[in-house]
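One chain comes next, on its own, written as structure tokens: the form predicted on its own.
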């Protein structure tokens, strides 16, 4: 039967054109949530985002909107990138425990074309004199005779210019889409054929895909977030962004598993043992994020060079010091202490609370990275910060759930699935 499915040109075409394959899902792995599960977040997200766009592009709120949108959009981008890293590392390490819930990060990582579409306001902001990147994109920045001349930015103009920025952004999304779509297509084909050799193909894609995704993620974080304050630079910033993205991906995977199980799906498939490992990884990358954050701060404090320390100074005065303290306590100290005991990782309500908490902190971290550039004289929150975040995140989750509804919720053809279903923590 498996050979028949694999050799059928109709079914191969079905997978290659990303058509739904839910009709071939085994009964325990079928979507039974109906359309409401993904239509509700889609509608909430579309309505909230529409209001944000209409108000945000008015003259009064335009500059605030660009920054609020950037924070919300990069939050969603970090979730997709973190999920892609989960899939890549899973294949390379042959991790069997995560197979039962692998379809969720695969679906999250398949969202790059949608996120590219949602990047349009970011691109519009590039060409706005009061937009996100006006510090380095303004005309005359490298001309000594211009009133806008900046000696530091003149040295970076070969990299920080509009055409090259757009070219790089397009290249990043091509790489992310190529790698994620290849792994997604192979996974769906494996569902239909049960061909064990597909696992080797997934590892080969991951072997060349991981370094490409790692490099583009690092440079993407430089371009999208670090360059809003272009006088500052950090060679560790890409690792900092990755640490938060990887942690947030595990939080969202755990929450989506719980959501699907509450709706009657994945019961007996994703067990407390799987949640325990997700909790361990959440804990591990809370610590790793804190380690990278401290390393970055310590090196600049130790160097004491004004053009380097000014970035941290802006986040330690005018009210931003409170935000910095909240980030330290709520993103590291409290999660570290709460997630440390084994019992918490096996208590689903507590684990869900911590997953939501850390996702909020991931957004708060992005807010802390970007907003002091706009409001350097007074720390503030704006309602557009929240509306853009909710609108983009709800749309992102709605599209992910819609994608999950079209296929088996579990990679049923994976040769390590049986081992994953029997997984137990020692």
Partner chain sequence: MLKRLVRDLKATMGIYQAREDRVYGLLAEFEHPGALLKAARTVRMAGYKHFDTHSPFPIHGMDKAMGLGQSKVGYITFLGGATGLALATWLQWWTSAVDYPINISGKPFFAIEPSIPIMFELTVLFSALFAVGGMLLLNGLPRPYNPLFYSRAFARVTDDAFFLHVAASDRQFDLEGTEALLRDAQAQHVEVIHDHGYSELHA
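Numbering follows the first chain given and starts at 1. Just so it is clear, the structure is predicted and the values come from calculations on it, not from any experiment.
Unshown form predicted together with the partner chain; subsequent notes refer to it.
When the partner chain is considered in the predicted bound form, residue 342 lines it closely, a heavy atom lying within 4.5 Å. Using a 4.5 angstroms limit between non-hydrogen atoms, residue 233 is distant from the partner chain in the predicted bound form. At least one heavy atom of residue 302 is located within 4.5 Å of the partner chain in the predicted bound form. Although the partner is absent here, residue 158 sits far enough away that none of its heavy atoms falls within 4.5 Å of the partner chain in the predicted bound form. Checked against the partner chain in the predicted bound form, the residues 164, 127, 259, 291 give one hit for a heavy atom within 4.5 Å, which is 291. Between the partner chain and the residues 297, 149, 171, 114, the one pair within 4.5 Å by heavy atoms in the predicted bound form involves 297. Partner contact region in the predicted bound form: 333-341, out of 222-230, 333-341, 248-256, 134-142, criterion any non-hydrogen atom within 4.5 Å of the partner chain.
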